[in-house]
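Quick heads-up: the structure tokens below are two forms of one chain, split into structure 1 and structure 2.
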Structure 1
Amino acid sequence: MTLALAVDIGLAMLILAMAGWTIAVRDTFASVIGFVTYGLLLTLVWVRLAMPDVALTEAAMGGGLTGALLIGGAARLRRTEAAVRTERPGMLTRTLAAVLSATVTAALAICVLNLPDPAPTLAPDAAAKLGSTGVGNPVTAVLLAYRSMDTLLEAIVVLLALFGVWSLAHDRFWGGCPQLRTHADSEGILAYFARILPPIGIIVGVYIFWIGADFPGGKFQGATILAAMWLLVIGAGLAYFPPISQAWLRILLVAGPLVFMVIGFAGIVTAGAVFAYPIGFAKPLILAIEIALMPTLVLALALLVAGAPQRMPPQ
């Protein structure tokens, strides 16, 4: 196992170096590029920690959506760069910040070194009840059966963030369309790419979503891939975001959490507890929730990257 440990040590050093550089570099754009690479390194770490579900989420979120979001922001804020740089805090602040950060790191490191042994785990409990959920992947079982309340609240948090983003629109654009910076050339290489990739990407996204019941994968990962494909088509100038006042858009956004809540509260009648599933119906109900949540998540994640509405729809 020495080779494996050597890989781990190399990976840990690389990730620290990348994080350090991302923080230290002067140019914000360069820092964002560093952060994208950092996301990729994190994916590798999750694979090394034997958590493919988390690795999939990080691969889709960290490299794809967060990268696009930050790069878009950095590009628009580029002109402010020089002005803000003069605000760099003085030596005293920096020293105090360094001392504070070092203290936090040291305290956490002590905690890590003194973690209880043997480690407490819920894995046996999760495995014991896995059969009754009809789901093969324990992480999916936690997300949608054992701790489904968390997942519902998470979907609502994503929606709340989206409403927050929308509420930042100028009054005159309220109900309008969000917009990405697009290449105007609809015959260029990017448009070609955006015509070829999404059909295959949609298959991969649905596949990742579908296998989530029994293998690593699931709706968050699948939804992120689908959202990225939609953004790619829009970014290439082949399509436009719908106005956020569209009824179908709003219905789809709310449908996921609504179906989740209805099924959750129906549990009081059918199974005697909130978010309990009647025996034998767990798998179809979980599937129903996942299918309802899927469009909600795809739309919400893509629209979060798109930002606040910036123009009214053409008449």
Structure 2
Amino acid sequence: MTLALAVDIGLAMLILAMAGWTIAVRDTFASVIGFVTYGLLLTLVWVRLAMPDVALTEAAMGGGLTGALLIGGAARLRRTEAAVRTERPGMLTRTLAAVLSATVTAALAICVLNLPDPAPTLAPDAAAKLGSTGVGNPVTAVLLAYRSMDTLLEAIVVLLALFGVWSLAHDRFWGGCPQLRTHADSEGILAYFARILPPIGIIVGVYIFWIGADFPGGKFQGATILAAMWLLVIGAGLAYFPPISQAWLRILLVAGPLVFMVIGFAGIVTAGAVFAYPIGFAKPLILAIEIALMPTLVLALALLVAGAPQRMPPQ
């Protein structure tokens, strides 16, 4: 057994153990920490599979943003968790859950073991046409040339999630400001880092976004870093979220998907198909879509973590 194989086997066993722990543990906060750890372990798996783009996305979105949202949810459930711990599902419920889990696992195993070998694939045909996009990063080319509709829907889903969070606001706070729950000292260590790290984080985030056309990186990874820097400053009490009633905020939130749809449906006229690009203009149009989506994602991700409006803006 080679060292690489031993590492892969150990990583797979650790992921299975962490997944089991996340499901079985009854403490909500411990379960969330297990989920975040699980996401970071999956990042290592994607690295081992030589997929740095997916690894960056998993670390930023799976372990980072989703973990922050779940930690916020766990904090709000603290007061009701003691009562929930006293409840225990009956034997019938546990038996049915175990049987259902075993059935799903067996079905997945049967499907995987019965896949044709070699598996049918369009990869050679897709790779042969990627050069026509002018984009050096195959992941970006696939997401914005072959899977444009999926990418557009991903951005729209993030917006719909944000609107769902906003809908939880109390009527008297509608149109007001989200507010992170923080008790940071303006002269403490968090405030110190909030003054030092954002300039570096902004450079890194913009760099990861800009090289995404030709190297591993992209809008989702860069937007997550920029959103994290914004949240750091606000969490340290050095700034505040703007009111969600601000016109510029709402325009930037919808601008990215709107530009994406305009370019996509313009393809009917310019290239003969929806989300098709005219010859010689594919890369400029892809970059235009990425640039338009960037501020939308930064705002949406940060505001998702902030939650519903909780106060009215100062007069």
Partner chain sequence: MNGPMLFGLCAAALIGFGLYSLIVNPQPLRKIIGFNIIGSGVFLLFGTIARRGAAVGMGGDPVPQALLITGIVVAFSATALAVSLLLRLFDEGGVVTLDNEAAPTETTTDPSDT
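For the two forms, the rigid core is made up of the largest set of C-alpha atoms that agree within 1.5 Å on superposition. Residue 1 is the first residue of structure 1, and the numbers go on in sequence order from there. Since the structure is predicted, the reported quantities are computational estimates derived from the model, not experimental observations.
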Exercise. Give me a 1 or a 2 for the form predicted alone.
Key: 2
Exercise. Spell out whether the Cα of residue 97 moves at least 2 Å between structure 1 and structure 2 when the two forms are superposed on their rigid core.
Key: no
Self-check item: Core fit, then residue 270 C-alpha moves 2 Å or more between structure 1 and structure 2
Solution: yes
Quiz item: Once everything's superposed on the core, is residue 122 shifted 2 Å or more at the Cα between structure 1 and structure 2?
Solution: yes
